[in-house]
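First, one chain by itself in structure tokens, the form predicted on its own.
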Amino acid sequence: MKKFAISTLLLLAALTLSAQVREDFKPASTNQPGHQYPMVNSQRMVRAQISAPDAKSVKLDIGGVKYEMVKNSEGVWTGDSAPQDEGFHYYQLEIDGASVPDPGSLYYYGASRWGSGIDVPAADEDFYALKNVPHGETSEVYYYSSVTGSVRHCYIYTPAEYKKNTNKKYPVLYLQHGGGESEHGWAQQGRTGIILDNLIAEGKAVPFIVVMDNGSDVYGPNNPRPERPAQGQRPPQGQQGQRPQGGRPGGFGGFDFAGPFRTILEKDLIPMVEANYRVIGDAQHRAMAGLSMGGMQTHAIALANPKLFSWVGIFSGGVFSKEEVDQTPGFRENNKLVFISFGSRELQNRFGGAADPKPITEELGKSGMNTVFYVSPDTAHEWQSWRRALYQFAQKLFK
């Protein structure tokens, strides 16, 4: 009887949910050309579909939740998610226990793998919508790193006027991705080029160059990856991240990516950019920002070399405290802007028991520094928070 009652309740819940679903699904903008699925409706529910006649179980895995899909008589599985936050989400399908990309979606690099992604329409998506405005170029660039002893890959955005105004030099933003992602993140998921094109066309941002490098791929023949410590042991000195007041550690999984990436940045990346692009090569015209792990790298690098960047932004990756700024000679004098941002749901559910970043940033502002604290409404640790952060940050740069 107990099992029957539970089954009945689950069936009633499924029927209730089904009755509430609005059947106004439309193909996602992130689909492979010609593919109708996945779809999104006005409730921001995602509907996936795949043909797998021999499968015994298929689930839609999105937002940390797995949703059962149902097979029809032709072997086609269909399933809906609960409403999702606005913006971009990684997802995958689980077929008989194996996690696989959805063949209907374009592929994106996140969670340390290439997989599926979907853009859920947002009320404010106009700022990253493709428009009939002058467009810059986002180029794939390869360069040799003396630090790693290997050829590295990055993306570089140049504004629309760059090729026409050949006597002009430009400021540069070095923009870093998060953990489990790569240089593809800001160029693709972040829609950086489109955001900058729109801002520049509207006169809201000055034209500047953006460099998007891989902050995780910091090892090579000249810089081998350290062995992971045995379970229960601390990483060797210099391999663990340092936790500043109110901030987050500089490393993921016990490894400090900030130190090796700082060396690549200073010895290889910045010199390559300044040798090959028309840039103004001083700190006053150089900015760094990053999301999550990239924000932690920005934090560590800006404090380690306070004369390298005059404009810094941390998106969902910690804060600069007044104490650590006071203990870093040159940071206060050289800095033009400290920009800190989080999604509103991150602040409601601060991970790791971290201190509230808003009063820490306000204290720094009261001490005389130019600080901005931005909160993305109704988003968590996700790309919509970071797209909005870039949109706000870019309008304040180099002015």
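Position 1 is the first residue in the sequence shown; the rest follow in order. Quantities reported herein were computed from a predicted structural model and do not represent experimental measurements.
The protein also exists as the form predicted in complex with a further copy of the same chain; that form is not presented, and the subsequent description refers to it.
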Listed residue (219, 277, 127, 91) with a non-hydrogen atom within 4.5 angstroms of a further copy of the same chain in the predicted complex: 277
The unique member of 101, 79, 171, 180 whose heavy atoms fall within 4.5 Å of a further copy of the same chain in the predicted complex: 101
Any non-hydrogen atom of residue 304 within 4.5 angstroms of a further copy of the same chain in the predicted complex: no
a further copy of the same chain contact in the predicted complex: residue 113, any heavy atom under 4.5 Å: yes
Partner proximity in the predicted complex: residue 369 to a further copy of the same chain, non-hydrogen atom cutoff 4.5 Å: no
Touches a further copy of the same chain in the predicted complex: residue 203 (any heavy atom, 4.5 Å): no
Interface stretch in the predicted complex with a further copy of the same chain - options 259 to 267, 160 to 168, 315 to 323, 80 to 88, non-hydrogen atom within 4.5 Å: 160 to 168
Sequence-ordered residues of 134 to 153 touching a further copy of the same chain in the predicted complex, heavy atom within 4.5 Å: 135, 136, 137, 138, 139, 140, 141, 142, 144, 151
